[in-house]
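Both blocks below hold the same protein chain, though in two forms, and each is given as C-alpha cells: structure 1 and structure 2.
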Structure 1
Amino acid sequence: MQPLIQIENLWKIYQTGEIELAALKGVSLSISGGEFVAIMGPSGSGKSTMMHILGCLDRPTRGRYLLDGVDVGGLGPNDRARIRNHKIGFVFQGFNLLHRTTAIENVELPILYDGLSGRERAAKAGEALERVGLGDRRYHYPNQLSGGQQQRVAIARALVMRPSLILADEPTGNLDTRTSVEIMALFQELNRDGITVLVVTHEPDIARYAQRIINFRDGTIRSDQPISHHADAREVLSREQLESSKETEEEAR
C-alpha cells in the first residue's frame, strides 16, 4: 500500500550571503494513511522546517517529497496551493482566527472561492462545527469563546475541506492542561475516523497521545519509534471527571 507521505533524502538549505545553513540534512521517512504521529525536537532541530515542507508552504532544496504519490516538491505555486487547500488542514498554536467574524464565517474561509453558494458554504461549515462539538456556538465571535473553543473552531476550519492530512503546530501551546487533553481527544477521534494527524510539540505529555514519535535534532531524525500503548485522552478525561466527582462528594460530607 502506497504511503500517504514519502520523504526521500530531503535537504533544506538556507543561504545568508556566503553562509549556508542546513535546516534539514538528508531526512527520509514514510507515514501511512491513518497514522497519528508526533514530531518532537528542541528549537532549531528542523521540525518546523519539516512541517512547512509537508504543508507545501516551503520547498526542499533537494530530495523528494511525495504526498499521496505526487511529487509536490516539483510543483508550481498554484498546484501547491490547490493541494494545501484540498488535501491538508492546518491547526496553529495561536488559532489564527479573524476576530471580527463569527465562528461559522471563520470556518467558511477555505471554501470561499470554491464555487459554492452561501447556503452550501454555511452548511459545510456548520457540519464541521458540529463535528468538533461547537454547533451551538456558530454565531459567536472569537472573543466570546474560551481558548479551547477557539482551537476547536480552528480545527473545524481545517476539516471543512475534508482533508486526508491534518498538520497541527503546537496546537495545545496556549491551553491549560485539561483543555489540552480535550483537544488531543478530538484529534484522536478524527484519527479514528481515518484522518492522518501530525502534531508538532515540545511536550512529552502531549506526544504520548500519538501512535508514533519522531525526534528531530540538528536537522536529522534521531529516533522514530511506535508507541505500543499510547494514552487514550478519553480515558484520561473520564478518570479526571471521576476523581472530581469523588472530591465533590467528600466535600459535601
Structure 2
Amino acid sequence: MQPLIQIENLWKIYQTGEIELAALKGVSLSISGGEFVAIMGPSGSGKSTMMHILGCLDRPTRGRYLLDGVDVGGLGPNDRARIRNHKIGFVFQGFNLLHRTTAIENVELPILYDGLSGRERAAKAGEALERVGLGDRRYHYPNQLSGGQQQRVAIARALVMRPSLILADEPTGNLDTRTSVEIMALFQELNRDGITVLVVTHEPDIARYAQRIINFRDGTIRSDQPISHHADAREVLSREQLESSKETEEEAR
C-alpha cells in the first residue's frame, strides 16, 4: 500500500539576510494512512518547520514530498492550497480562534466559500462541534470557554472539511494535565475513525498516547520507534487522578 506521507531527503534552509540556517537536513520518512504519530525533540530541532511543510504551508528547499502519491513540491500555490483545505486539518498550541466570533462561526470558517446555504453550513459546523463534545456551546465566544474547550473548537474547525490528516503542533502546550489527556483521548477517537494524526509534543506523558514516536534532533531524525503498548487516554482519565486547574475550567462555564 502506498504511504499517505512520503518524504525523501527533505531540506529546509532559511535565509535571513546573509545568514543561512538549515532547519531540516535531509529528512526521509514514510507514514501510512491510519497511523498516530508523535513528533518529539528539543526546541529548535525542526519540528514546526517539518509540520509546515507536511501541511503545505511552506515548501522544502530540496527533496521530495509525496502526499497520497501526489508530488506536492511540483504543484503551484493554488493546487497546494486546495490540497491543504481538503486533506489537512491544523491544530495549534494557541488555538488560533477568532475572538469576536462564536464557536460555530469559527468552525464555519473553512467552509465559508463552499457555496453552501447558511443553514447547511451551520448543520455541518454543528455536527463537527458535537463530535468534539461541544454541541451545547455553539453560541459561546472563545473567552467564555475554557482552554480545553477552545482547543476542541479548533479541532472541530479542523474536522469540518473531513480531512484525512490532522497535524497538531504542541496542541496541549497551553493546557493542564487532565485537559491535555482529554484532548489526546479525542485525537485517539478520531484516529480510530480512520484519520491519520501527527502530534508535536515535548512531553513524554503526551507522546505515549501515539503509536509511534519520531525524535528530531538538530534537523534530523534521531530515532523512530513504534510503541507496542500505547496508552488509552479514556482509560487513563477514568483511572487516574490527574491534575487540572479546576478554577479556570469552572470559570469558563
Ligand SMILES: Nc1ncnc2c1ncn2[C@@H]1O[C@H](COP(=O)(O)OP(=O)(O)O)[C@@H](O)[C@H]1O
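For residue numbers, the reference is structure 1: its sequence is counted from 1. Only the largest set of C-alpha atoms that superpose within 1.5 Å between the two forms is called the rigid core. Values in this document were obtained by computation on a predicted structure and should not be read as measured data.
Is the form predicted on its own structure 1 or structure 2? The form predicted on its own is the one given as structure 1; the other form is structure 2.
With both forms fit on the core, is the shift of the CA atom of E235 between structure 1 and structure 2 2 Å or larger? False for E235: its C-alpha shift is below 2 Å.
Displacement in Å of the C-alpha of E20 between structure 1 and structure 2, rigid core kept as reference: Value for E20 between structure 1 and structure 2: 2.4 Å of C-alpha shift.
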